[in-house]
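Just one chain is shown here, as structure tokens, and it is the form predicted on its own.
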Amino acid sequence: MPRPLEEILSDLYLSNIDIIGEGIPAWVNALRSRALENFNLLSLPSAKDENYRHTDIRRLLDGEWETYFIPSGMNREINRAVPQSGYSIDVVNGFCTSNELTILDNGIVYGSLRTAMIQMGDIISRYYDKIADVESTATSALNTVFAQDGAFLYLPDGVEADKSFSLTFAYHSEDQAQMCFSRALVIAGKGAKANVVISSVSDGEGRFLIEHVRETYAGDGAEMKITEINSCGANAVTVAGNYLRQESDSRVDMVSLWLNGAATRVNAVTDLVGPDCESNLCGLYFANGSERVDVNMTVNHMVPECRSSELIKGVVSGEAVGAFTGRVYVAPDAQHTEAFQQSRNLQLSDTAKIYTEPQLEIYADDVKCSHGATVGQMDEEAVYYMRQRGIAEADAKRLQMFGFVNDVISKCPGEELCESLAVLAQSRIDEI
């Protein structure tokens, strides 16, 4: 009888525990032990689990994977998704390419998460693994068990960054099937302001299983613009847990693009815990051939006077599967909440499948909340209209698709970044 996958992964950790925990503070390794207990209690979800019926996590993680608990590929040139600008952090196969922390004159600190754990433990211990759901999400618990390094960004109270930050997570394998664990911790203090671009890319002939967790904190009055780009290859599987906590008067505008990958499962959770904060989430995914994209988003309104909006768009063709599950939770007494959720999708072939499930769970009576979902095909009348004016049919369809996705791309901060993302989206449209 085959050994249970949970047992295999637990033994993998226990047999490498000395390497994984070497040089890392004891409090971090204590979190690993707790997460391992949670992982074994939870077990990995199967396709029978209501929240994972569109993505079989067990199947994605099963198989023969190589795992390396020391840095590799550090000297390779990174094939970036968008041009690099501002301050940068590069993480290759889960390890930061530099062990140094950079401290700017205004107190901003960025660089290796591992080094920050060692040198800034008083700050890191207040935030690391505090909002990642290791209690009920097995994949996030698994990341806490194995992750050794990643990207760290800290903005002190009242500081406005003069340049953007680029966090690049690159994965490379020549010919092996490799499992990688990576982590990101982003902290914006009271009144801090920053623009952050986070991208994931892969190259090489080998297959990848990427297990990533990001924790982001926006303090009182903080303002953050976050652009997330997943542009991994067709041989990459990504399982991501993205967690955001917002305090009072904060505002976070986030744009996420899931452009490539054999399979992508995203668990995104936003907690609005202080009054008068605002969260705007826009997402766009493409799936073609046999690709699968499964986006699961939760926004928790825990206090009164908060606002949130979600717009998720999907373009699916071939025999691909796209899925969006969105949940807006409004706690008791979270009065004057405003929450809007919209899922819009283009189904370009009869064999493609799209599942969309926006949900509202409301326990307060003075709120403005709405949700909606659409799944449609190309507008043939619009295509016909353009053809009558001399535009070729293929070009007319491309223009229509680009108009559909541009609602999301245009919300990215900065003209240069918008142009780069438009090129990526157009390239994906041409493939479809």
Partner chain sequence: MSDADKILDEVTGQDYKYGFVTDIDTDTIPKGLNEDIIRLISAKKNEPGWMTELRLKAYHHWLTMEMPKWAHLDIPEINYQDIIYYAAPRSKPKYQSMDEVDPELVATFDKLGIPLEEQMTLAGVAVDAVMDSVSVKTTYKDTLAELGIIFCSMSEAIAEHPELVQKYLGSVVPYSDNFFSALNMAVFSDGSFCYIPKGVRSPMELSTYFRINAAGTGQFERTLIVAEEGSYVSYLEGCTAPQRDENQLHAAVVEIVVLKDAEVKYSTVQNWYPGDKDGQGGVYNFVTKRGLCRGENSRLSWTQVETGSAITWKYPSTILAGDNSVGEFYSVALTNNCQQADTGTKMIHLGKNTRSRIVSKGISAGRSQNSYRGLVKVGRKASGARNYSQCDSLLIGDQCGAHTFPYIESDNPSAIIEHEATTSKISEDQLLYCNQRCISTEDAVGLIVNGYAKEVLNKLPMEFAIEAQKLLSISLEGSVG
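Numbering follows the first chain given and starts at 1. All figures in this text were calculated on a predicted structure; none of them were measured in a lab.
What comes next is about the form predicted together with the partner chain, which does not appear here.
Trainee: Within 4.5 Å of the partner chain in the model of the complex: all of 349, 352 and 375, by heavy atom?
Mentor: Every listed residue reaches the partner chain in the model of the complex, so yes.
Trainee: Which residue among 53, 59, 34, 398 has a heavy atom within 4.5 angstroms of the partner chain in the model of the complex?
Mentor: Of the candidates 53, 59, 34, 398, 53 is the one lying within 4.5 Å of the partner chain in the model of the complex.
Trainee: In the model of the complex, which of the listed residues (156, 111, 274, 358) lies with a heavy atom within 4.5 Å of the partner chain?
Mentor: The option sitting close enough to the partner is 358.
Trainee: Quick one: is residue 102 in contact with the partner chain in the model of the complex, heavy atoms, 4.5 Å cut-off?
Mentor: Flag for residue 102 set to no.
Trainee: Please determine whether residue 362 contacts the partner chain in the model of the complex, using a 4.5 Å cut-off between heavy atoms.
Mentor: The answer is yes: residue 362 has a heavy atom within 4.5 Å of the partner chain.
Trainee: Can you tell me if residue 335 lies within 4.5 angstroms of the partner chain in the model of the complex, counting non-hydrogen atoms only?
Mentor: Result yes; residue 335 sits at the interface with the partner chain in the model of the complex.
Trainee: Check residue 67 for me: does it contact the partner chain in the model of the complex (non-hydrogen atoms, 4.5 angstroms)?
Mentor: Outside the cut-off, so no.
Trainee: Since the chain is shown here on its own, which stretch among 26-34, 59-67, 398-406, 364-372 would lie within 4.5 Å of the partner chain in the model of the complex, judged by heavy atoms?
Mentor: Looking at the partner contacts, the answer comes out as 364-372.
Trainee: Let me know which residues along 303-326 have a heavy atom within 4.5 Å of the partner chain in the model of the complex, or say none if there are none.
Mentor: Nothing in the stretch sits within 4.5 Å of the partner.
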